[in-house]
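Taking the form predicted alone, here's one chain by itself in structure tokens.
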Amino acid sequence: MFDRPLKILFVSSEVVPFAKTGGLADVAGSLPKALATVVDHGLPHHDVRVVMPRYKMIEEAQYLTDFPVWFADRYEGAIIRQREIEARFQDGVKTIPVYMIDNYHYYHRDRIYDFDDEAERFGFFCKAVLELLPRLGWPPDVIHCNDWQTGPIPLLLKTHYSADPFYQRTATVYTIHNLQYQGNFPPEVLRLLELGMEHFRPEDLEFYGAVSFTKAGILYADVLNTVSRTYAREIQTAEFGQRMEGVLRQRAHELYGIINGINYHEFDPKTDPRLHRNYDAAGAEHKKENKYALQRELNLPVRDVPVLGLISRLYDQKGLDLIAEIVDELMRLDIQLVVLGSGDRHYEDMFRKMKARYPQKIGLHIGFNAVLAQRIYAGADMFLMPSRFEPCGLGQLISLRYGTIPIVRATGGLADTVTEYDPATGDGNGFSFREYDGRALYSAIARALKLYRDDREAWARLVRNAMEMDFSWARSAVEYLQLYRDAMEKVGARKGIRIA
């Protein structure tokens, strides 16, 4: 039993509210708050800190220190700046330091990713993180690494820093948020990491002729996890494994799945200032006022008709081609569809054409609008997520919180969080389908519409079921703390030392 609070370093390439391209930033901005404030066996609060790059768009970061880092056969300067995020809890507010590693050459650019020197940019970041901590005099119990940009950290700890007394008790956890993004680079990248070609072997870092930062994290971290139990199983198969299934199966006994959470203070229909009318599970009938306001905002006829919502990045992963397969049949029903998102031009144009064909039945906003997103979550009756694959998914968690019933493909985190409604027992919180097929999606929508129209009392019970689910970060944080302790015990056993 660990009888002291833990020192936890959370490492991510993006963190809300400072820099975001996807769900990783939401996790990195929320999970550390939950870890820092969760009630854990009566212990004092854990010491949680975050580290990320300091990108050009991040302003007003306070200077902390600077030092040279030997990297790529030269010294590169690491300037450390600091911002903070606040974690609110019942007894007050806790401040979490966010260290930002600044380097003009690597990070002062107009976007976060997609440059020719990504291996250098994030290889330097990983090296600078490990050089920073001794200068802070703060040896972490656990370094929690996230996605390919941080994959070299466990590798470097077990090679260059293996004899460093400062890191003798430090364990690593590596989280795969989306295996599609792997950080695969030419073999020359080994030189950046000061590693020899002996590491360029299939049983080590070599991956189909490249060096993979993701594979480095998978092989060298003490414990692995991904963001849902089902996705942890799926990525061990050829269908979902992105060619990594073999190495993941080798570590299957150390691969866990923990569902992401959402911030229940931010996403609360009872207090959300972005809504036209607040409500809770006991007064969910007021939800309808948000539907009427949403219809007016999107220039749709204001009627008590089932409204299906879709908020998504418009990419192939999201199953949008299934909607295209059935849209004409769907539009013959007495429903409305509201869509918010941006992404591939193909899908943006696809929805524009749908809107042009059915202007009185489809509301569309291409782009992102955070206020409109919350109004869709609150105002729609049902929420579509027909994803081809979905490691976790946040949309269905938010829709459940707002009593908007998810209709999802049973894959990844969608399968773990959405349970098919059973009319015989009244159990369940949504509707799902398994086959990646437009007809299967249509059937799930039809089941939802039938319940909505035929049995409003049962529908109201389903809405209450959804709103009473607990997918808060506090629940996930407890599971992560156990994962950290498992990793620490593994380090202790390997090194023959007691870690408690």
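Note that the structure is predicted; figures quoted are calculated from it, not measured. Note that residue numbering begins at 1 and tracks the sequence as displayed.
Omitted from view is the form predicted together with adenosine-5'-diphosphate (ADP), to which the following refers.
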| One stretch from 213-221, 386-394, 90-98, 292-300 that, in the predicted complex, holds residues within 4.5 Å of adenosine-5'-diphosphate (ADP) by heavy atom | 386-394
| remark: Checked Gly367, Pro202, Gly196, Pro273 for heavy atoms within 4.5 Å of adenosine-5'-diphosphate (ADP) in the predicted complex; positive is Gly367
| task | Just give me the single entry in Asp26, Asp66, Asp437, Asp47 that has a non-hydrogen atom within 4.5 angstroms of adenosine-5'-diphosphate (ADP) in the predicted complex. | result | Asp26
| query | Should Gln182 be classed as touching adenosine-5'-diphosphate (ADP) in the predicted complex when contacts are defined as heavy atoms within 4.5 Å? | reply | no
| query | Is Lys318 one of the residues lying within 4.5 Å of adenosine-5'-diphosphate (ADP) in the predicted complex, judged by heavy atom distances? | reply | yes
| query | Tyr377 near adenosine-5'-diphosphate (ADP) in the predicted complex, any heavy atom under 4.5 Å? | reply | yes
| said: With a cut-off of 4.5 Å between heavy atoms, is Gly22 one of the residues that contacts adenosine-5'-diphosphate (ADP) in the predicted complex? | reply: yes
| Partner contacts in the predicted complex for 303-333 (non-hydrogen atom within 4.5 angstroms of adenosine-5'-diphosphate (ADP)) | Ile311, Ser312, Arg313, Gln317, Lys318
